[in-house]
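Only one chain is shown below, in structure tokens, and it's the form predicted alone.
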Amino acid sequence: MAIPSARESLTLAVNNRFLPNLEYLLQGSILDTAVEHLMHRLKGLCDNVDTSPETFHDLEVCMSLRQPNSPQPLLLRVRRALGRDAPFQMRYLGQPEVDMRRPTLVRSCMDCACTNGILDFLSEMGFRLEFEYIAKGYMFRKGRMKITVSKLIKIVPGKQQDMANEPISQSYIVELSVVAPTGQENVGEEMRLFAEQLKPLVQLEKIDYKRLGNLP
């Protein structure tokens, strides 16, 4: 019996919808002065209520590559943990699909772990830096849903490790997301029902970036 190659296995997984390749997303924000109330609400709603939420402190870099036959550049995001040893994470995100019939934004998504030479490799391929920032916050889980509460921090050359006093804004970004295979439309309804339980503390919505001026 022939053993399938890695490429054949990946193609089979995609064609049969075994591979999680769509991200369902709702986003919102909450002022610093109210974030503790949201944290208490999430601790009560999410899994593992007896333990503290997982924390993260990551540097995220967005790299772009101009494509000859497309007005949109190819964007790849690389994230690495600060202060702990962990693989770099590279993520491809497709153009968001805002469908009024769906309760969430949907976009194609692909994640993979990689070595610490990935940024040099992308630069050699012609990718250029678009933007970078530090994200620091908390992550909760409710079944297959992931909820992050993030403070975004400016990058100043030479001070990436000590920027807690220079946030981009006086609020936290709240994201509710699920990465799932194609065809699982019930995901959006699950997320909508969960988001309802966070009102009126935070209003999670599907944000149309095109209407905001093509922000990254």
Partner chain sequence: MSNSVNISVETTCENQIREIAYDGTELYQPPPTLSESLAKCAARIDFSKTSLEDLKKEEKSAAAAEDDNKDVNQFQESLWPWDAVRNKLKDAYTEICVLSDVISIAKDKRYLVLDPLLEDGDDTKPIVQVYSRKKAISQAAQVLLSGAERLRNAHSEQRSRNISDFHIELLRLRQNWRLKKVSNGAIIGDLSYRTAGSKFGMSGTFEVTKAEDALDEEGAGNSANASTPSSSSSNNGMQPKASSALRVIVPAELQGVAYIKVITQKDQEDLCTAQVNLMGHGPNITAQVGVWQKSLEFAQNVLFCKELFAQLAREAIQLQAPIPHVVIGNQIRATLLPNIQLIISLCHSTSFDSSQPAPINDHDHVLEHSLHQLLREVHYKNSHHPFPHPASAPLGPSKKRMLAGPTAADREALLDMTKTQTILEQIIAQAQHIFMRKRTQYVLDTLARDVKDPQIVSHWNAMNSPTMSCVKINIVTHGYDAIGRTSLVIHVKERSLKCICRDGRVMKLSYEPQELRDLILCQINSHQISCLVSLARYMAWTVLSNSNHLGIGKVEPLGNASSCLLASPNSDRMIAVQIRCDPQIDVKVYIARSPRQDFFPSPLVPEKFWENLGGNFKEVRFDKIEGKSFLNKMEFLMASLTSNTA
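Positions refer to the first chain, counted from 1. This is a predicted model, so every value here is computed, not measured.
One more form of this protein, predicted in complex with the partner chain, exists but is not displayed; see below.
Peer 1: Exactly one of Q95, Q72, S123, T115 has a non-hydrogen atom within 4.5 Å of the partner chain in the predicted complex; which residue is it?
Peer 2: If I apply the 4.5 Å criterion carefully, the residue I get is T115.
Peer 1: What is the one choice in N186, Q67, T51, Q170 with a heavy atom within 4.5 Å of the partner chain in the predicted complex?
Peer 2: Selected residue: T51.
Peer 1: With the partner left out here, check for me: in the predicted complex, does some heavy atom of R79 sit within 4.5 Å of the partner chain?
Peer 2: Yes, R79 lies within 4.5 Å of the partner chain in the predicted complex.
Peer 1: Contact between D58 and the partner chain in the predicted complex at 4.5 Å, heavy atoms?
Peer 2: The answer is yes: D58 has a heavy atom within 4.5 Å of the partner chain.
Peer 1: Taking the partner chain as it sits in the predicted complex, is R84 in contact with it (heavy atom to heavy atom, 4.5 Å or less)?
Peer 2: Looking in the predicted complex, residue contacts with the partner chain include R84, since a heavy atom lies within 4.5 Å.
Peer 1: Look up in the predicted complex whether Q89 has a non-hydrogen atom within 4.5 angstroms of the partner chain, and give yes or no.
Peer 2: Residue-level check for Q89: yes, a contact with the partner chain.
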